[in-house]
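As structure tokens, one chain now follows by itself in the form predicted alone.
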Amino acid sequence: MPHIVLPEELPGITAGFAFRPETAKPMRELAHVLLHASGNDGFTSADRELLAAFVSSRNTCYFCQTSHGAAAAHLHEGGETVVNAVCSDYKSAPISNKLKALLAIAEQVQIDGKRVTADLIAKAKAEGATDLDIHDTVLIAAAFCMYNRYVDGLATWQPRDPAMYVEMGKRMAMQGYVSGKDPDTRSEQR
């Protein structure tokens, strides 16, 4: 049961967004820029969603891990298998060395940003990461620590129906996180 009165029919972060649309708007916009609008050939939306799912798995936020994992599975050629491998042990997952190096940075940010070292940055650059890739990795990891704590700190409803997350992930992957719709729209799940 949520710690405050939230819309009962809205899962996870969408309930908090509906409760306070003024804060939902910039949070959605940030997620959209980081995960959907910034994807390039070297650091795609699929990779970015994998980072979000990975950080959320480390923070044990079921809603964010599962929804962003579903988005990553929809976008990534390896589907759910790759998502599960990254969240279990990214070092042995079937992903590029560049993405492994970026996940190593995200892993440290999730624990404590001060743990990101010059060596981790150098390794990521050696694998082809750009300054923008590194910047966005740090910000995705930091933002998802915030999103995860928001969802769990309010004790939002986090349904366990996997089919719901598959559909949510598909919407997120295809539409992103912002639209002309009101932030508490039920068809738009963050």
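In case it trips you up, residue 1 is the first one in the sequence shown, and so on. Here the structure is a predicted model, which means the values were calculated and not measured.
One more form of this protein exists, namely the form predicted together with a further copy of the same chain; it is left out here, but the text below deals with it.
- Contact check for 61, 118 and 153: all three have a heavy atom within 4.5 Å of a further copy of the same chain in the predicted bound form.
- Taking the partner from elsewhere, residue 23 is found to have a heavy atom lying within 4.5 Å of a further copy of the same chain in the predicted bound form.
- a further copy of the same chain is not drawn, but in the predicted bound form it has no heavy atom within 4.5 Å of residue 169.
- Proximity of residue 19 to a further copy of the same chain in the predicted bound form: non-hydrogen atoms within 4.5 Å are present.
- Using a 4.5 angstroms limit between non-hydrogen atoms, residue 142 touches a further copy of the same chain in the predicted bound form.
- Applying a 4.5 Å heavy atom cutoff to a further copy of the same chain in the predicted bound form picks out 131, 132, 134, 135, 136, 138, 139 from 126-141, in order along the sequence.
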